[in-house]
Structures are given as structure tokens and as C-alpha cells.
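Quick heads-up: it's one chain on its own, the form predicted on its own, in C-alpha cells.
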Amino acid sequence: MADTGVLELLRLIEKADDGVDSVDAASRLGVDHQVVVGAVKSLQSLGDIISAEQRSSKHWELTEEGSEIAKQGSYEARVFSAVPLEGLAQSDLMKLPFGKIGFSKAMSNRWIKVDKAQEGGPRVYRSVRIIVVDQVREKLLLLQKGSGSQLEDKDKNELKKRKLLSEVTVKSYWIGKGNSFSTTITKQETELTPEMIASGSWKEKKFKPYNFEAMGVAPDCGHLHPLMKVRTQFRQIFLEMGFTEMPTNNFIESSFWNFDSLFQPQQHPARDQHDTFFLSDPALSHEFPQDYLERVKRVHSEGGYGSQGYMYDWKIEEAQKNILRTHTTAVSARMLYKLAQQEKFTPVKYFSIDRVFRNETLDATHLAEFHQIEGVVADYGLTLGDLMGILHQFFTKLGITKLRFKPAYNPYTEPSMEVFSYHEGLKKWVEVGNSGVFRPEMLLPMGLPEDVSVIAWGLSLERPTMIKYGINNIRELVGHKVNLQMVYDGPICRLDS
């Protein structure tokens, strides 16, 4: 509403003793009601010029279909008019736009009848000579003229059921004079400028009062991806349990540390190009602890430490191949070898959370890269019972208390177990991780004492994140299809402990 329109509204308020309704004001000024609402809010921002009390009222309005019937008559009346004295074939009547609805209503009113014995199909005839009054149209005309109070509620509800009428809630303002009412508007200043101070003009200016309770502009800032939020929670759990984080900053790994050091044979399917990404440049690694490499070669090809090995021709060329690491257990192998080189063994608890890479077929639950969470404990005399106990402690901190363990096979752990949890939502047991005790064929070539056992377990980061944030497709969590607004709006992660 322009300034002239605001002034007209103020003059209207000035003439009204008790005030004026905004709907009535819009009608008098010949403008849309929303324009008057905008003017009211504009005047409210200038101080106590007007008082405005919000009210709501309900009234009935004709729908588009109802307006047409008010103009042309009800469907049943039009059907009656379309039937001549000699009758009309029912099939021809049904071809009319209003035929189907009007036919059933006219039959209910007993204005027409059907003779099914006629040759050529059923025929429709008039049952009465004339229609005294089209009640539906008359009721709609009353409502259109604003005389809806003359109708009973059951009549209105019947018209509403036929979608000819709708009940509309109108929110309006009762506008009156404020304590500082005036028909002239003085623009309030929002800033005290250096020019006002220098000229002294600020003394004559009227300033808009500050709203100290108004929300400030949110500062621009970064937002953690949901994966990073869940990762932070997992990391905190490991730290609370006394674990030390392993350095996982080498995505590129040699096949020796990724496979051979873990007692995984060189002909294992996981080492094929179908499952692993091999590097072309640099294609090979050359620096290895030679004495350790020889012991690994021997245990693979000849056996040792109570094992017969795999009895095959182990090749250094396979071990040298560079790959994108397929699991963070390669980092665990490096850390355990480093631990074995100490003069005196000391028990340790390690963990890592970082990216790994697999040549997977992409679908709703698999990507070519994902995050692996891994925990490792090395100490004297650890058993499968210790592994189960620490798994219960770990998953309890995640809010998972119902656990089951199932025997499994891994090349570098024996015994091995899959970890299952009961999912309350799905009402079934689902796999949540894998675990096991590292084999002597992996640990003893490193130089660790014979009575030292190493227990380990791992799980993905993406699956619990998807469950936590209600994401069904992993491609909506990671990759080019990620909705950045989801990252912005995502709540902080709280794992029930």
C-alpha cells in the first residue's frame, strides 16, 4: 500500500469512534484485504500510532462449481430441462457434461423416471410437469448475497458435501487509535550517522526504538557432515575406553602390508582387480623390513610357528604392488610390527576411523569408498571371552545391548565372529560388525612374544550414520547427490549410552 493509501486508512480510523475492521476497511478503500494488513504492520513498526487486535471469523464461500450452479442452475434442474416431453434415451442423457450427477439427483427428487422396457434401450421421461423451485440454486444465491444466516446448518453441510460450498476462516484486525495517533506520518530514523552528529540534525529527528530482543543475523560458518558428527561420537567412545588413535593418513598401501602381513594368500580373491584398486604410478613399493619380509614369505610358502602355511610359491612381485588400501587393518599391522620392535612388550589398545577403498558395484548400500572403524587390543593371555566382553562394553556405549555372536571365517583371525544386534524397529537380528583373534602366523613373524594375543573388531561408519539420520540410500549421504541443506540442517549426533 502506497503512502497515500496508508494516509487514507488513518483518516478512516480517525472517523471511526470505536475502530474499524480490516476487512471492512479494505472494502471501503477498494483494495485487497492483504494490502490493508500490510499497511497495519507498517504502521505498527512506526510506534504506537494505531492499536491492532487480531481476530478470526468463519464464513461460507461458494466454490467455483457452486458459483457456476448459482448462475446456470443445479445439475438435476439442467437434466430435467434437457428431457423433452417425449422422453430421451438414457445413453444420450449420460453424454451431457452434467448428465451423471444430475441424473441421480433428479431421480432422488422424483423429477424424472426411467422406462427400461423401451425398444432401443432405457428411456428417461419427466415425472412432473414443471419444477416449482430449484432449491440448490436458491440456497447458493442466498449465500452469495450474504444471507447465509437464513439457511440451516444441515443445508450448508449438504452443499459442502457436494463441494459447492466451503467454510473459510478469515483472519482480520480490529484497528483503533493508538496513544500517539496521528494522520501524518513521520519517518523514523534507524541509524545515527556522522553527518547527523556533525550538523546537529539528530536533535530534530525521531529515531526508531531498538529491539534488543530481536535475533541477530546468523554468522556464516561451516557445518559438519553427518558422517563427521557420528565419527566424533565413536572417537569419543574409544578415548573414554582408554584407546590410542592410530595414524591413518596413508590411503595408498603396498600389497605386503595390506594382505601378506595379515597372512592373506596371494591367490586370495580379494586381491583380484575385481575387488581392489591397483595403482599404475607408482605401481610398486620397494622399501620393506627385509628380515620381517623373509619371515612372512616363509610362513606363507613353508609354514612355521605350528602352522603348515599355504604351501605355494610366494612372490615378492605380488607383495610390491601398490593399491588403495582395502581396510585399515593394514595400519594395525604396521602398528603391531612397530610394537614388536620395542625392547620390552607393553599392552596397548589402538583404534582408527578412516577411509578404505573397494572395487564394489555401486548401489543403495555400497560405494567404492567408505569408512572403517577398527579397534585392536594387544595383551598377554587374551581369549575369546575377553573379546566378547570388550565388544559388549563397546556396543553398550553405542546404546546396543542385545548382542549375538556367530562363528565366521577371516584369513587373519582365528577364531572369528560376526556380531549381530537385535534391531527394535525391524524386529530382527542384523549384522553390526566383524571380530576375531589375530592368528599366530600373523603375529609371531612380527616378533611379538608367543603368549601375547591380539583381539580386534571392526564395523563401517556409514551404516550407523544412515540409521541415525534416517537415510535409505548411501548416495544421498556421500557423493555428488548429497543435499547440502541436509548437511546444514542435520542435528548433532547423540549416541545413547
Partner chain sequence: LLDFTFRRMLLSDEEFDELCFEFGLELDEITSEKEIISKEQGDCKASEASDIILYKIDVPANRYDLLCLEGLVRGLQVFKNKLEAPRYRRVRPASGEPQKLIITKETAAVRPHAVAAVLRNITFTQERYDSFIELQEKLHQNICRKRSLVAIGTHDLDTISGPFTFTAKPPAQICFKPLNQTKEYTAAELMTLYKTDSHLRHYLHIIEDKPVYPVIHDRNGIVLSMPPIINGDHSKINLKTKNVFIECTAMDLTKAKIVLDMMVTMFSEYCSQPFSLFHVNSRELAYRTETLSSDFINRKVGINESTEKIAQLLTKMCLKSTATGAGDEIEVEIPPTRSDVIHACDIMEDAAIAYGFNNIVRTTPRTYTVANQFPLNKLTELLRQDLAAAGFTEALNFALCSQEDIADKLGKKIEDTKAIHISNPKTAEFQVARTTLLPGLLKTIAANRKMPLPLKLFEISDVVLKDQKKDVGARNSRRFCAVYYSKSPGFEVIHGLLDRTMQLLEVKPGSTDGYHIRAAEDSTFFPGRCAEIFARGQSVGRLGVLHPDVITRFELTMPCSALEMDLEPFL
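Quick caveat, the model's predicted, so the values are computed rather than measured. Residue numbers count along the first chain shown, from 1. Basically, rigid core = biggest C-alpha set you can superpose within 1.5 Å across the two forms.
Form predicted together with the partner chain: not shown, discussed below.
When contacts are judged by a 4.5 Å heavy atom cut-off, L142 does not count as touching the partner chain in the predicted bound form.
Using a 4.5 angstroms threshold between heavy atoms, D153 stays clear of the partner chain in the predicted bound form. Taking non-hydrogen atoms only, S254 approaches the partner chain to within 4.5 angstroms in the predicted bound form. Contact check for K113: every heavy atom lies farther than 4.5 Å from the partner chain in the predicted bound form. Per the 4.5 Å heavy atom criterion, the partner chain in the predicted bound form is contacted by stretch 214 to 222, the sole one of 154 to 162, 80 to 88, 134 to 142, 214 to 222. With the partner removed from view, the residue among F181, F395, Y292, F405 that has a non-hydrogen atom within 4.5 Å of the partner chain in the predicted bound form turns out to be F405. Of the listed positions (W314, W174, F357, Y337), a single one reaches within 4.5 angstroms of the partner chain by any non-hydrogen atom in the predicted bound form, namely F357.
In the predicted bound form, Y305, G306, S307, Q308, G309, Y310, M311, Y312, N322, L324 are the residues of 299 to 327 with at least one heavy atom within 4.5 Å of the partner chain, listed from first to last.
Superposition on the rigid core between this form and the one not shown places the CA atom of P219 2 Å or more away from its counterpart.
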